[in-house]
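Okay, so here's just one chain, in structure tokens, the form predicted on its own.
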């Protein structure tokens, strides 16, 4: 059977335990044949299972490395982990660690994602068109650094600790964020179209939060400034509008600016447009 650049995997049987899908990388699978892909072994609890036992595997006519996953994949973790190029799309829900440590490429999920999505992401673009779990764009367990680059777009709501320890990159959240959003943030930009939960910006050191929706309650450890930010705001708002039309209208309004978290000697900024 001839080699292919892309593959479509349709779930046909739910596993008994959680499955690690990190070996399924678009660039790594390109050039293989269908039979070879179907024989790939995946971690399944303390054992292994062949990919073909869980998915129907078909070749795609694609000029670039591409992988399409279809089905309810809530028991499948680490989809697109450490991905370095190509396109990966999912029609359905996914498990934990989506796009963790991703370096380049594009991932789109038409559904909900579990916890720890985009953790330590360094590049590429990841879009979740449903809700997302806790610790998204944060640090992997045992690590001190959160998201390090790239672009994350979430059309739904996010859980707690969204952007915890984030160091670089751009995040757009169209829904609401849970408690401790941007906690211990070091750098990067998070733009929010919805509401935030309690303790937003707790321990924030640097970085930028843009509030395009409901105006949040400003903590006592943040102070308002009188700096003229019209030039920098024009550049930032224009770039956010290019990333998603939900932020197109920001450029015409000049936001309030507060800085903190002063309790942590922080110099992060909140730009409050709503």
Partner chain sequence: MSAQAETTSGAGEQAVVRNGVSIDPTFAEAFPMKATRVLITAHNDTWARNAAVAMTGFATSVIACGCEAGIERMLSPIETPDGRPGVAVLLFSMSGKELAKQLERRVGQCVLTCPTTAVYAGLDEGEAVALGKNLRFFGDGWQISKMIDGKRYWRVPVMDGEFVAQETTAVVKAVGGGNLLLLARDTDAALAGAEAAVEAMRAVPGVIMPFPGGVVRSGSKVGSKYASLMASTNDAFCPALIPLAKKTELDAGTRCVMEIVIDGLTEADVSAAMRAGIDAIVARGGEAGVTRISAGNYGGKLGPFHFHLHKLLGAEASV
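Residue numbers count along the first chain shown, from 1. Predicted, not measured: the structure shown is a model, and the values here were computed from it.
Same protein, other form: the form predicted in complex with the partner chain, not shown, and the subject of what follows.
Peer 1: Looking in the predicted bound form, any heavy atom of residue 62 within 4.5 Å of the partner chain?
Peer 2: Heavy-atom contact with the partner chain at 4.5 Å: absent for residue 62.
Peer 1: Closest heavy atom of residue 34 to the partner chain in the predicted bound form, within 4.5 Å or not?
Peer 2: No, residue 34 is distant from the partner.
Peer 1: So in the predicted bound form, is the partner chain close enough to residue 168 to count as touching (4.5 Å, heavy atoms)?
Peer 2: Contact with the partner chain, yes.
Peer 1: Even though the partner chain is not shown here, does residue 236 get within 4.5 Å of it in the predicted bound form, heavy atoms only?
Peer 2: Residue-level check for residue 236: yes, a contact with the partner chain.
Peer 1: Among 38, 229, 246, 30, which has any heavy atom within 4.5 Å of the partner chain in the predicted bound form?
Peer 2: Partner contact (heavy atom, 4.5 Å) among the options: 229.
Peer 1: State yes only if every one of 188, 208 and 267 has a non-hydrogen atom within 4.5 Å of the partner chain in the predicted bound form; otherwise state no.
Peer 2: Yes, all three are in contact.
Peer 1: Heavy atoms, 4.5 Å, the partner chain in the predicted bound form: which of 200 to 208, 98 to 106, 124 to 132, 81 to 89 makes the cut? Say which one.
Peer 2: Only one stretch passes the 4.5 Å heavy-atom test: 200 to 208.
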